[in-house]
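In the structure tokens that follow, a single protein chain appears in two forms: structure 1, then structure 2.
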Structure 1
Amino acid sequence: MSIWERLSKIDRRIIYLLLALVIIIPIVFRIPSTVAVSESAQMAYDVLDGLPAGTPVLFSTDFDPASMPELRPMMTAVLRHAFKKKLKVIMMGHWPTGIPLSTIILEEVAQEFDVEYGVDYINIGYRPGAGLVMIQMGREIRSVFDIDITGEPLDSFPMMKPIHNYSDIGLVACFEAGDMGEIWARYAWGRFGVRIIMGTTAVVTPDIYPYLGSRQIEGLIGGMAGAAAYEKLIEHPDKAMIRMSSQAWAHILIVLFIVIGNIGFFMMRRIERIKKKRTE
């Protein structure tokens, strides 16, 4: 087997092994990396930062455990920003598996601030229906979320008394691992003109960019890089910024393998052509 053939046929397990090492080493040895703030993340930050204290912000958590490494850091960062700005947080979700995770994140972040459940933040849980839930919420939140996650009526909480529909909410911050973000833009923005910022997994981010371009959403935090950018903006470095070093090295390794694989492929093709010409 020639060297070019070997280069184009590297065992995938060797790639996995190198990838694991490239990821572990920066985490263990805390190799620093620079984080650039994207324009879309800056826009999301500016929108939230511009809200007056006391404005209710609806957090929609539409993800599952598989998306936690990306969405947890960004949701944590946005929640910190919201509590720091003394905004009222309403947590809800359209994915059944998302609410237990977002509850953990919300309670963790709430402990860092002097905030009280039912006064400064509330968790109203999950209801099935997605688009229908969004439309109903535009009329009256209680028509779908009559109780919070603990089973208490919404009106028993001081912060919820003046909040009835989107007109009482300053901003919707969605954290998306699927197509729920598009549904938010379609129904909440399309029908009710709700202001929306989104935090999405990197897979979903390219699908959401057109909505940012047309200003249907006002900010976009995309993937781990977006989460790290938001941590930088709120001046609270955490998991995302630590992980970005591994991310960068892993990307370099992947680019390197793509280049090596392509060199191997083109050289093999060239050799085959030469061989063909000689036989002719």
Structure 2
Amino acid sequence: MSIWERLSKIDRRIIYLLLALVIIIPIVFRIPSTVAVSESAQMAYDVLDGLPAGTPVLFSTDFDPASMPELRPMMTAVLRHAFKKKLKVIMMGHWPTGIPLSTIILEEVAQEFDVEYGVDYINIGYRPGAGLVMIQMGREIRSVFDIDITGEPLDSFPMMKPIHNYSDIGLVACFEAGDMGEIWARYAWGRFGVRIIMGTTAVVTPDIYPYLGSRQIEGLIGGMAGAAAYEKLIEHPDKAMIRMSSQAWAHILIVLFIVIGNIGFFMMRRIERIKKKRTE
């Protein structure tokens, strides 16, 4: 078997083995990717970075376990940025599946900083109703969220005493796996002029760009690439940059095998044509 024939017929087990290695090695050795920061991710960063210390930021966490691998890294990065800027974090959600997951993320990040529950951050949980909840929050948060996730009255926490509606909140940061981000833009921005940034799964991101273009939202973190860009901006490489490294090397390897396979194929065809001419 000639070298060209070998190249055109590489054993699939070799391909799968090499692909597994280029995916696993960056994860095991935590090798971050060098990512380009998109304009939309930079916008989201700049909005939050420009808030004065002590400004309340509302985190809406509307996702499920299936979308957590994409949304967890970006939410973690934005929380780190918020705590580093000494902003007040209010966690809530419109998806019942989102709150248990986001609570884990919130508590993990809170442990990295010198922050106190009820003073620097709070988790007010889930309420059904979406659009109606958003409208009621624009009038008085306590009309829908009168207690936190542990059942304690909101007024028993120092950070919540001066916060009553959107006029007391500097920014809403939404982390979305579905269309809840669009509902935030329609009701919270459309009716109350709330400043909004969003983090979305890659499949949802194209649907949100019109809201960014019309300035109904002020920043967009799209998919794993957006999460990696935000990690780069806060100078804290983590899961997203590492996963993007695995993905990048996997793509490079696949393209390389496609090129090698095509070279082998066309060289084999050329050799066959030459042999055919010689026999004529």
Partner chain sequence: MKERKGLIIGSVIMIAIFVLMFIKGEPSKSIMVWIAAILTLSIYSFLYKDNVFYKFAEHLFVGVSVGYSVSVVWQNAFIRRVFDPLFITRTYIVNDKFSLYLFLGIVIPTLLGLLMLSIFTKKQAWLIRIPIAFVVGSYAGMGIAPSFQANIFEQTRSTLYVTLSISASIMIVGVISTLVYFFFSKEHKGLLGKTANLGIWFIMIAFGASFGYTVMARISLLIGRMQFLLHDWLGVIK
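Note that this is a predicted model, so its numbers are computed, not measured. Between two forms, the rigid core is defined as the largest C-alpha subset superposing within 1.5 Å. All residue numbers here refer to structure 1's sequence, counted from 1.
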Given the two isolated forms of this chain, which one is the form predicted on its own?
2
Two-part rigid motion between the two structures - turning angle of the smaller part, in °:
32
Fitting the two forms on their rigid core, what distance in Å separates the Cα positions of residue 23 between the two structures?
3.6
In Å, how far apart are the CA positions of residue 253 between the two structures with the rigid core superposed?
6.8
